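Okay, here we've got a single chain as structure tokens, the form predicted alone, with questions on binding and movement later.
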Amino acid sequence: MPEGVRNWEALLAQGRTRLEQAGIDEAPIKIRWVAAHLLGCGLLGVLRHLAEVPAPGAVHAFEAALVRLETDEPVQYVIGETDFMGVRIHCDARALIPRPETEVLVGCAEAFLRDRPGTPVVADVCTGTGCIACALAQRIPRARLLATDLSPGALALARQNARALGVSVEFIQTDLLDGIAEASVDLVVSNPPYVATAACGRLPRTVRDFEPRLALDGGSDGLRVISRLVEEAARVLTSGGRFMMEIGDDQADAALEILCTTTPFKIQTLRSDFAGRARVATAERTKR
């Protein structure tokens, strides 16, 4: 760091200037996230430390984080964690970063499971960091959680999160629901790849260049994985079971068509994200 840095306030100011000169969006909040991580506090807590002189190790770590942020790497990967449903989730380039719209999906799943008696079986498909499965295991500990992913790296990260949170989840490396028995699951929940292949190249650099393509690319129309997942969910769900998935903000009509015209599902709701866009489709498996 340049000479003359004496406290966190000066360090943050210099970091903000560097990121803004590099053309990085949301520089102030990203800088504060790094500081909060290094200080072991929340974002507001950083304000209480502004007058303090950081230890040399913290200065070096802050500098290393700045170098990564200047390339537009997501701050969640830089600090190695993010907040999801009120807990810390470890994240890195092996899996997508958990996002607020996925919290809406978890809320829908939790509400259904609270009314489901006994030990409901839940399959979280394309689990990534495991954030959905871990959150549901915390909230509904009587449920049996299965979490699948094609990526061994993502599954290793998800297992790390389950251990850190002290929850019980069965992780399975498989393609969607391959190997899961017919009529054995009460709830299938998923945040599948749903970005059209051509659109992947137009995503913001922070997503396009750093988050795993396998977890983003949904084929030429963005519906390739969704279509397969709907068919697989219909196979494994019990009568009256539920299927819930996150969809793109322009996919509501297409998702409804897939669910209503080709499979034994009855649409329950389309839930909107915090910006008012339909992002979660829920459907009931009709009687077998």
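Predicted model, so just to flag it, every value in this text is computed and none were measured. Residue numbers here begin at 1 and follow the sequence given.
Missing here is the form predicted together with a small molecule; even so, the following discussion is about that form.
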{"item": "Three-residue site I132, S151 and T174 fully in contact with the small molecule in the model of the complex at 4.5 Å by heavy atom", "value": "yes"}
{"item": "Interface residue in the model of the complex among L157, I180, V169, A215, criterion: non-hydrogen atom within 4.5 angstroms of the small molecule", "value": "A215"}
{"item": "Residue (of R68, H49, R235, R228) lying close to the small molecule in the model of the complex, criterion heavy atoms within 4.5 Å", "value": "R228"}
{"item": "Contact stretch among 134 to 142, 196 to 204, 90 to 98, 72 to 80 - heavy atom within 4.5 Å of the small molecule in the model of the complex", "value": "90 to 98"}
{"item": "Contact label in the model of the complex: P192 to the small molecule, heavy atom within 4.5 Å", "value": "yes"}
{"item": "4.5 Å heavy atom contact, N161 and the small molecule in the model of the complex", "value": "no"}
{"item": "Contact label in the model of the complex: C126 to the small molecule, heavy atom within 4.5 Å", "value": "yes"}
